[in-house]
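A lone chain, given as structure tokens: the form predicted on its own.
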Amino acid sequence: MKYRRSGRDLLHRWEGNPVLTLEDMPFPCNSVFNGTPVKLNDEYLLLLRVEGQRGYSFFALARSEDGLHFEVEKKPALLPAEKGIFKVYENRGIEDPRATFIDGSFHILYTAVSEYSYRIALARTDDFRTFERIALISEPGNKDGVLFPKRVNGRYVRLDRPIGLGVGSMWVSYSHDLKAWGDSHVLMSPRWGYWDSFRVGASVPPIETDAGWLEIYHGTKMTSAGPIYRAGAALLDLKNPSSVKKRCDIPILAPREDYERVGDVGNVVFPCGAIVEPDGEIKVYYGAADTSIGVATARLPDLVECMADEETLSSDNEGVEG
């Protein structure tokens, strides 16, 4: 894929999108979306959210040699738990995995769904064939958890999106053991009058760059026809992830194609992970209209350079839309 600076969005869609649809699934289901990518032994893996025909979500695994053409394994990779405490909080499905390689293993934050609302859960795997559930790591009403790929000042760091008074802001929290989290701070809030004026949440596990931690996030704007989900970018301080250095004032990807605008939930592009290639290209994988998966690319330096100084936007952060 050749990167194009001109065009409708900074991220350039692969011309063969979507990379995965219902027709690519080897077992009956309603839809496939929100897949988190990793590169393992020169192979691209996508851990996919699949909505089964009963209506709850689980995970499947797809493999690719080029990051574009995937084949989905014939059996689900991870189903909701059938025993123990995880069964209580996963009895309505597991959703939106995000994988981070840290401490020699892939750690996956995902959303556990039950009648008690959403909670963030943590699992670990070395091969994406067997998974070990570690802990439920948030209170109810929290989702969109992503884990940083290294400790900062001796502590693990995560981003998440709890809901308070109807407002969804992005928060940052810290831990010494990946299980107990605290020292939580509001990181970014919706901006009145912007494309992310209704809710914002983490999407891609943060990417370390010389300029700071690059976070590709999702933001929504409420309209008379419902919310529109777009993707944006922000830079966090390398030594203090609680500090936003820069934030892009326009989205880097917006729903424009038919497969992004029409589906189970219309007008949605929802990244869940990215691969940074050795040549500096970044492949961002995203759910489209909660029905399929697309991939879009850019040069990593261009994403870093697209952002305005956060100081110039501070006045816009004072008001939030609920």
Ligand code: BMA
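One-based numbering along the sequence shown. Bear in mind the structure is a predicted one, so any value in this text is a computation, not a measurement.
If you look for the form predicted together with this ligand, you will not find it shown, but the lines that follow are about it.
Undergrad: So which of 143, 246, 221, 107 gets a non-hydrogen atom within 4.5 Å of this ligand in the predicted complex?
TA: The residue from 143, 246, 221, 107 that makes the contact is 143.
Undergrad: 268, 50, 45, 282: which sits within 4.5 Å of this ligand in the predicted complex by any heavy atom?
TA: Flagged contact: 268.
Undergrad: If contact means any heavy atom within 4.5 Å, which of 274 to 282, 66 to 74, 254 to 262, 29 to 37 contacts this ligand in the predicted complex?
TA: Selected range: 29 to 37.
Undergrad: In the predicted complex, does residue 160 come within 4.5 Å of this ligand, counting heavy atoms only?
TA: Heavy-atom contact with this ligand at 4.5 Å: absent for residue 160.
Undergrad: Would you please decide whether residue 229 lies within 4.5 angstroms of this ligand in the predicted complex, comparing each non-hydrogen atom pair?
TA: Yes, residue 229 is a contact residue.
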